[in-house]
Ligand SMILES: Cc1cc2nc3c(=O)[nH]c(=O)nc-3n(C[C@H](O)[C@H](O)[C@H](O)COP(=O)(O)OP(=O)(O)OC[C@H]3O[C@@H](n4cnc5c(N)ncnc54)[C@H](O)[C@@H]3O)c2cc1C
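In the block that follows, a single chain appears as C-alpha coordinates, in the form predicted alone.
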Amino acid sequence: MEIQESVPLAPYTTFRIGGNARWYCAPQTSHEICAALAWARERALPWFALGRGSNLLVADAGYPGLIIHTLGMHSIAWEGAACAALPEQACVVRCGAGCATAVLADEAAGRGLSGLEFAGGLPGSIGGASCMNARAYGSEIADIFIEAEVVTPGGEIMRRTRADMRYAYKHSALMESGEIACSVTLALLCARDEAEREMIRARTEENRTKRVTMGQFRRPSAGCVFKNDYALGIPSGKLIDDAGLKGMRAGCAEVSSEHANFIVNHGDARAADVRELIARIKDIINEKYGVMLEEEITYLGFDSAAPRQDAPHRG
(Lines give C-alpha, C1' and ligand atoms only; values in the text may rest on other atoms or scores of the structure.)
Protein backbone atom coordinates (compact mmCIF):
# COMPACT_ATOMS: atom_id res chain seq x y z
CA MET A 1 0.00 0.00 0.00
CA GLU A 2 1.45 3.32 -1.10
CA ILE A 3 1.26 6.40 1.10
CA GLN A 4 1.15 9.51 -1.07
CA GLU A 5 1.94 13.10 -0.19
CA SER A 6 -0.16 16.22 -0.87
CA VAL A 7 -3.24 14.68 -2.48
CA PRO A 8 -6.23 16.93 -3.40
CA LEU A 9 -9.34 15.99 -1.45
CA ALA A 10 -11.99 18.05 -3.27
CA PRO A 11 -12.46 15.41 -6.01
CA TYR A 12 -13.20 12.84 -3.30
CA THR A 13 -16.06 14.81 -1.73
CA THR A 14 -19.58 15.41 -3.03
CA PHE A 15 -19.14 19.13 -2.21
CA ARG A 16 -16.09 19.25 -4.53
CA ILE A 17 -14.51 21.59 -1.97
CA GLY A 18 -11.34 21.48 0.12
CA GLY A 19 -7.57 21.50 0.06
CA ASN A 20 -4.99 18.72 0.04
CA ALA A 21 -4.35 15.86 2.41
CA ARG A 22 -0.82 16.05 3.78
CA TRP A 23 -0.70 12.26 3.48
CA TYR A 24 -3.07 9.85 1.74
CA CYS A 25 -3.48 6.09 1.33
CA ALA A 26 -6.14 3.80 -0.13
CA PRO A 27 -6.05 0.45 1.72
CA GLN A 28 -7.68 -2.60 0.20
CA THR A 29 -7.94 -4.73 3.34
CA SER A 30 -8.43 -4.40 7.08
CA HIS A 31 -4.78 -5.38 7.60
CA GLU A 32 -3.68 -2.50 5.39
CA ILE A 33 -5.81 -0.16 7.50
CA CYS A 34 -3.96 -1.48 10.56
CA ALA A 35 -0.66 -0.72 8.81
CA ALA A 36 -1.82 2.80 7.92
CA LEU A 37 -2.79 3.50 11.52
CA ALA A 38 0.56 2.21 12.74
CA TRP A 39 2.32 4.50 10.24
CA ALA A 40 0.34 7.49 11.55
CA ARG A 41 1.00 6.57 15.19
CA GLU A 42 4.75 6.34 14.60
CA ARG A 43 4.69 9.92 13.31
CA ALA A 44 2.16 11.23 15.85
CA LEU A 45 -0.13 12.22 12.99
CA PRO A 46 -3.89 12.72 13.14
CA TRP A 47 -5.85 10.57 10.70
CA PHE A 48 -9.28 10.43 9.15
CA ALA A 49 -11.09 7.52 7.48
CA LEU A 50 -12.82 8.71 4.29
CA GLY A 51 -15.47 6.84 2.36
CA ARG A 52 -17.22 8.44 -0.63
CA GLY A 53 -17.07 11.97 0.74
CA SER A 54 -20.73 12.76 1.32
CA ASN A 55 -21.67 14.59 4.53
CA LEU A 56 -18.18 16.10 4.65
CA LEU A 57 -16.72 19.60 4.37
CA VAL A 58 -12.93 19.77 4.01
CA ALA A 59 -11.15 22.99 4.97
CA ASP A 60 -9.61 25.14 2.25
CA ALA A 61 -6.24 24.53 3.89
CA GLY A 62 -6.76 20.79 3.59
CA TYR A 63 -5.98 18.19 6.24
CA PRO A 64 -2.59 18.02 8.02
CA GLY A 65 -2.69 14.29 8.78
CA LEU A 66 -3.25 10.96 7.01
CA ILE A 67 -6.39 10.25 5.00
CA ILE A 68 -7.31 6.55 5.00
CA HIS A 69 -9.55 6.20 1.97
CA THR A 70 -11.70 3.04 1.90
CA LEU A 71 -13.08 3.67 -1.59
CA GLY A 72 -11.40 0.54 -2.99
CA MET A 73 -12.98 -1.77 -0.41
CA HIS A 74 -16.17 -2.27 -2.42
CA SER A 75 -16.75 -6.03 -2.62
CA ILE A 76 -20.33 -7.39 -2.45
CA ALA A 77 -21.13 -11.01 -1.52
CA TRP A 78 -24.72 -12.29 -1.44
CA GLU A 79 -25.56 -15.25 0.79
CA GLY A 80 -28.53 -17.08 2.27
CA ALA A 81 -29.67 -16.70 5.87
CA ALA A 82 -26.54 -16.78 8.03
CA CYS A 83 -28.00 -17.69 11.40
CA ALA A 84 -31.06 -19.22 13.03
CA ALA A 85 -32.09 -15.81 14.36
CA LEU A 86 -32.93 -14.67 10.83
CA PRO A 87 -36.15 -15.66 9.04
CA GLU A 88 -35.93 -18.28 6.31
CA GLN A 89 -36.64 -15.73 3.60
CA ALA A 90 -33.69 -13.55 4.67
CA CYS A 91 -30.68 -12.95 2.48
CA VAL A 92 -27.41 -11.74 3.93
CA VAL A 93 -25.13 -9.37 2.06
CA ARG A 94 -21.54 -8.76 3.12
CA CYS A 95 -19.98 -5.71 1.55
CA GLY A 96 -16.81 -3.69 1.80
CA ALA A 97 -17.09 -0.38 3.62
CA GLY A 98 -16.32 1.58 0.45
CA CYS A 99 -19.24 0.07 -1.49
CA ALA A 100 -21.55 2.78 -2.82
CA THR A 101 -24.84 2.64 -0.89
CA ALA A 102 -26.89 3.46 -3.99
CA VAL A 103 -25.20 0.66 -5.97
CA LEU A 104 -25.99 -1.80 -3.20
CA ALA A 105 -29.61 -0.63 -3.10
CA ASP A 106 -29.95 -1.10 -6.87
CA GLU A 107 -28.44 -4.59 -6.74
CA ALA A 108 -30.74 -5.55 -3.88
CA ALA A 109 -33.78 -4.30 -5.80
CA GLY A 110 -32.69 -6.22 -8.88
CA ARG A 111 -32.53 -9.40 -6.79
CA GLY A 112 -35.95 -8.77 -5.26
CA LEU A 113 -34.54 -8.07 -1.79
CA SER A 114 -36.29 -5.64 0.55
CA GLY A 115 -34.73 -3.40 3.19
CA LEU A 116 -32.66 -0.96 1.17
CA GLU A 117 -35.41 0.74 -0.81
CA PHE A 118 -34.90 3.92 1.23
CA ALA A 119 -31.33 4.09 -0.07
CA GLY A 120 -32.25 4.36 -3.75
CA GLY A 121 -29.90 7.08 -5.05
CA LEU A 122 -28.47 7.73 -1.57
CA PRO A 123 -24.92 9.14 -1.87
CA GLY A 124 -22.04 7.84 0.22
CA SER A 125 -20.57 4.50 1.21
CA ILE A 126 -22.11 1.67 3.19
CA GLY A 127 -19.35 2.08 5.78
CA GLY A 128 -20.27 5.71 6.29
CA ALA A 129 -24.00 4.89 6.24
CA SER A 130 -23.48 2.28 8.96
CA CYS A 131 -21.33 4.61 11.03
CA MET A 132 -23.84 7.46 11.06
CA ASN A 133 -26.98 5.29 10.83
CA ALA A 134 -28.12 6.81 7.55
CA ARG A 135 -31.88 7.18 7.36
CA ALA A 136 -34.55 8.40 4.95
CA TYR A 137 -38.22 7.91 4.17
CA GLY A 138 -38.94 6.19 7.48
CA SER A 139 -36.15 3.61 7.36
CA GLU A 140 -32.55 3.46 8.56
CA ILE A 141 -29.47 1.25 8.39
CA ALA A 142 -30.06 0.03 11.96
CA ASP A 143 -33.19 -1.78 10.68
CA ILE A 144 -31.11 -4.20 8.59
CA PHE A 145 -27.67 -4.14 10.23
CA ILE A 146 -26.22 -7.44 11.54
CA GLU A 147 -22.53 -6.76 12.18
CA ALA A 148 -19.42 -4.96 10.99
CA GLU A 149 -15.74 -5.76 10.93
CA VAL A 150 -13.89 -2.78 12.32
CA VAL A 151 -10.35 -1.67 13.06
CA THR A 152 -9.87 0.07 16.40
CA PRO A 153 -7.68 3.19 16.69
CA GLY A 154 -5.11 0.93 18.33
CA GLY A 155 -4.99 -1.33 15.26
CA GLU A 156 -7.06 -4.32 16.42
CA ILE A 157 -9.51 -6.03 14.05
CA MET A 158 -12.82 -6.60 15.84
CA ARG A 159 -16.45 -7.44 15.11
CA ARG A 160 -19.30 -5.22 16.24
CA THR A 161 -22.88 -6.49 16.50
CA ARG A 162 -26.00 -4.39 16.25
CA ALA A 163 -26.12 -4.19 20.05
CA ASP A 164 -22.52 -2.97 20.08
CA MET A 165 -23.40 -0.16 17.68
CA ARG A 166 -25.89 1.46 20.11
CA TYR A 167 -27.79 2.96 17.21
CA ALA A 168 -29.74 6.18 17.64
CA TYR A 169 -30.88 8.97 15.31
CA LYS A 170 -28.01 9.48 12.86
CA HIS A 171 -25.59 8.11 15.44
CA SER A 172 -23.68 4.97 16.34
CA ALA A 173 -21.00 3.92 18.80
CA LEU A 174 -18.40 4.15 16.00
CA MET A 175 -18.80 7.91 16.01
CA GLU A 176 -17.53 7.90 19.59
CA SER A 177 -14.97 5.10 19.49
CA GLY A 178 -13.26 6.16 16.26
CA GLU A 179 -13.32 2.57 14.99
CA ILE A 180 -13.11 2.24 11.21
CA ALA A 181 -15.68 0.05 9.48
CA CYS A 182 -13.97 -2.31 7.01
CA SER A 183 -16.94 -4.45 6.01
CA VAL A 184 -20.63 -4.52 6.87
CA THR A 185 -23.16 -7.37 6.97
CA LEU A 186 -26.84 -6.63 6.37
CA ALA A 187 -29.98 -8.78 6.37
CA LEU A 188 -32.57 -8.25 3.62
CA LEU A 189 -35.84 -10.05 2.96
CA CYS A 190 -36.57 -11.95 -0.25
CA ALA A 191 -39.71 -11.08 -2.19
CA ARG A 192 -42.32 -13.84 -2.12
CA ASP A 193 -43.51 -13.36 -5.70
CA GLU A 194 -43.00 -11.26 -8.81
CA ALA A 195 -45.49 -8.62 -7.67
CA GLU A 196 -43.47 -8.07 -4.50
CA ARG A 197 -40.24 -7.97 -6.50
CA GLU A 198 -41.69 -5.26 -8.72
CA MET A 199 -42.84 -3.29 -5.68
CA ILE A 200 -39.28 -3.34 -4.27
CA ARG A 201 -37.83 -2.15 -7.57
CA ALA A 202 -40.47 0.58 -7.86
CA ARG A 203 -39.88 1.91 -4.34
CA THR A 204 -36.13 1.98 -4.84
CA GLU A 205 -36.51 3.86 -8.12
CA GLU A 206 -39.11 6.20 -6.62
CA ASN A 207 -36.68 7.22 -3.87
CA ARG A 208 -33.87 7.72 -6.36
CA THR A 209 -36.18 9.91 -8.45
CA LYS A 210 -37.15 11.97 -5.38
CA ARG A 211 -33.49 12.74 -4.76
CA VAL A 212 -33.01 13.75 -8.38
CA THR A 213 -36.15 15.90 -8.34
CA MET A 214 -35.11 17.79 -5.21
CA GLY A 215 -31.89 18.72 -7.01
CA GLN A 216 -29.51 16.65 -4.91
CA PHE A 217 -27.28 15.93 -7.90
CA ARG A 218 -27.74 19.08 -9.96
CA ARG A 219 -24.85 20.87 -8.25
CA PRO A 220 -22.19 19.62 -5.83
CA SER A 221 -23.50 19.44 -2.26
CA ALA A 222 -23.29 17.33 0.87
CA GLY A 223 -27.03 16.64 0.95
CA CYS A 224 -28.83 17.78 4.08
CA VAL A 225 -26.63 20.08 6.15
CA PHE A 226 -28.72 20.08 9.34
CA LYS A 227 -30.30 17.33 11.39
CA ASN A 228 -34.05 17.36 11.95
CA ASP A 229 -35.26 17.98 15.49
CA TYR A 230 -38.02 15.37 15.87
CA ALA A 231 -39.08 16.79 19.24
CA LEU A 232 -39.84 20.02 17.39
CA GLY A 233 -41.71 18.17 14.65
CA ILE A 234 -40.71 20.55 11.85
CA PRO A 235 -38.00 19.54 9.33
CA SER A 236 -34.99 21.83 9.31
CA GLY A 237 -35.45 22.41 5.59
CA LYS A 238 -38.96 23.78 6.19
CA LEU A 239 -37.69 26.16 8.89
CA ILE A 240 -35.03 27.46 6.50
CA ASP A 241 -37.53 27.71 3.64
CA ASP A 242 -40.15 29.49 5.77
CA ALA A 243 -37.48 31.97 6.86
CA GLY A 244 -37.04 32.90 3.21
CA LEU A 245 -33.41 31.78 3.04
CA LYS A 246 -33.50 29.87 -0.23
CA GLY A 247 -31.05 31.51 -2.61
CA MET A 248 -29.02 33.18 0.15
CA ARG A 249 -25.35 33.15 -0.83
CA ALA A 250 -21.88 33.49 0.60
CA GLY A 251 -19.38 33.62 -2.22
CA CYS A 252 -20.22 30.73 -4.56
CA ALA A 253 -22.06 28.75 -1.86
CA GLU A 254 -25.85 29.02 -1.95
CA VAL A 255 -28.86 27.73 -0.03
CA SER A 256 -30.45 25.55 -2.70
CA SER A 257 -33.56 26.94 -4.36
CA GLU A 258 -34.88 23.37 -4.63
CA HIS A 259 -34.26 22.04 -1.11
CA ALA A 260 -33.59 24.52 1.68
CA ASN A 261 -31.53 22.04 3.74
CA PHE A 262 -28.96 21.78 0.94
CA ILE A 263 -26.06 24.14 0.41
CA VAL A 264 -24.79 23.91 -3.15
CA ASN A 265 -21.46 24.74 -4.73
CA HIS A 266 -21.79 26.90 -7.83
CA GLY A 267 -18.37 25.84 -9.03
CA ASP A 268 -15.84 27.88 -7.10
CA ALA A 269 -17.22 27.81 -3.56
CA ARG A 270 -14.70 27.67 -0.74
CA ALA A 271 -15.13 25.85 2.53
CA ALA A 272 -15.06 29.26 4.21
CA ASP A 273 -18.10 30.28 2.12
CA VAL A 274 -20.04 27.22 3.24
CA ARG A 275 -19.18 27.75 6.90
CA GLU A 276 -20.17 31.40 6.70
CA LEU A 277 -23.50 30.43 5.18
CA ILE A 278 -24.08 27.76 7.84
CA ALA A 279 -23.38 30.27 10.61
CA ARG A 280 -25.77 32.81 9.09
CA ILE A 281 -28.53 30.22 8.71
CA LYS A 282 -28.14 29.10 12.33
CA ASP A 283 -28.23 32.67 13.61
CA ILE A 284 -31.33 33.58 11.60
CA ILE A 285 -33.26 30.42 12.54
CA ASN A 286 -32.35 30.81 16.20
CA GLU A 287 -33.41 34.46 16.22
CA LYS A 288 -36.62 33.85 14.28
CA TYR A 289 -37.82 30.58 15.83
CA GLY A 290 -35.70 30.06 18.95
CA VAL A 291 -34.30 26.86 17.44
CA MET A 292 -30.57 26.08 17.30
CA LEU A 293 -29.92 23.91 14.25
CA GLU A 294 -27.31 21.18 14.54
CA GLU A 295 -25.15 20.20 11.60
CA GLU A 296 -25.01 16.61 10.46
CA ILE A 297 -22.03 17.20 8.20
CA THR A 298 -18.51 16.54 9.45
CA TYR A 299 -15.88 19.29 9.40
CA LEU A 300 -12.37 18.18 8.49
CA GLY A 301 -9.25 20.28 8.88
CA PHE A 302 -10.82 23.25 10.68
CA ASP A 303 -9.12 24.50 13.84
CA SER A 304 -12.40 25.36 15.53
CA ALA A 305 -14.22 22.11 14.77
CA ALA A 306 -11.50 19.57 14.16
CA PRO A 307 -12.47 15.91 14.57
CA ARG A 308 -10.65 13.86 17.15
CA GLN A 309 -7.42 12.13 16.17
CA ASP A 310 -9.37 8.87 16.22
CA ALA A 311 -11.95 10.29 13.86
CA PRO A 312 -14.69 7.92 12.63
CA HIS A 313 -15.30 6.59 9.14
CA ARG A 314 -17.67 8.97 7.40
CA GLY A 315 -19.43 9.33 4.09
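Values in this document were obtained by computation on a predicted structure and should not be read as measured data. Start at 1 and count along the sequence shown; that's the residue number.
There is another form of this protein, the form predicted together with the ligand, and it is not shown here; the text below is about that form.
**Student:** When the ligand is placed as it is in the predicted bound form, which of 185-193, 103-111, 238-246, 222-230 ends up with heavy atoms within 4.5 Å of it?
**Tutor:** Heavy atoms within 4.5 Å of the ligand in the predicted bound form occur in 222-230.
**Student:** Taking the ligand in the predicted bound form, would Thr14, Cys131 and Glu296 all count as contacting it (heavy atom within 4.5 Å)?
**Tutor:** Yes.
**Student:** If the cut-off is 4.5 angstroms on heavy atoms, which of these, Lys170, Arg94, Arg197, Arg203, is the one near the ligand in the predicted bound form?
**Tutor:** Of the candidates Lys170, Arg94, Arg197, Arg203, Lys170 is the one lying within 4.5 Å of the ligand in the predicted bound form.
**Student:** Counting non-hydrogen atoms within 4.5 angstroms of the ligand in the predicted bound form, say which of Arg135, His74, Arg162, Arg208 makes the cut.
**Tutor:** When the ligand is considered in the predicted bound form, the option within 4.5 Å is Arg135.
**Student:** Is it the case that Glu179, even though its partner is missing from this view, gets within 4.5 Å of the ligand in the predicted bound form, heavy atoms only?
**Tutor:** Output for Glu179 is yes: heavy atoms within 4.5 Å of the ligand.
**Student:** Contact between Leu56 and the ligand in the predicted bound form at 4.5 Å, heavy atoms?
**Tutor:** Judged by the heavy-atom cut-off of 4.5 Å, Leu56 is in contact with the ligand in the predicted bound form.
**Student:** I'd like to know whether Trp78 contacts the ligand in the predicted bound form, with contact meaning heavy atoms within 4.5 angstroms.
**Tutor:** Answer no; every heavy atom of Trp78 is more than 4.5 Å from the ligand in the predicted bound form.
**Student:** Determine whether any heavy atom of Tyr63 comes within 4.5 Å of a heavy atom of the ligand in the predicted bound form, and answer yes or no.
**Tutor:** Close contact is absent here: in the predicted bound form, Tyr63 is far from the ligand, nothing within 4.5 Å, heavy atoms only.
**Student:** Output the sequence-ordered list of residues from 107-123 with at least one heavy atom within 4.5 Å of the ligand in the predicted bound form.
**Tutor:** Read in sequence order, the residues that approach the ligand (within 4.5 Å, in the predicted bound form) are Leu122, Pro123.
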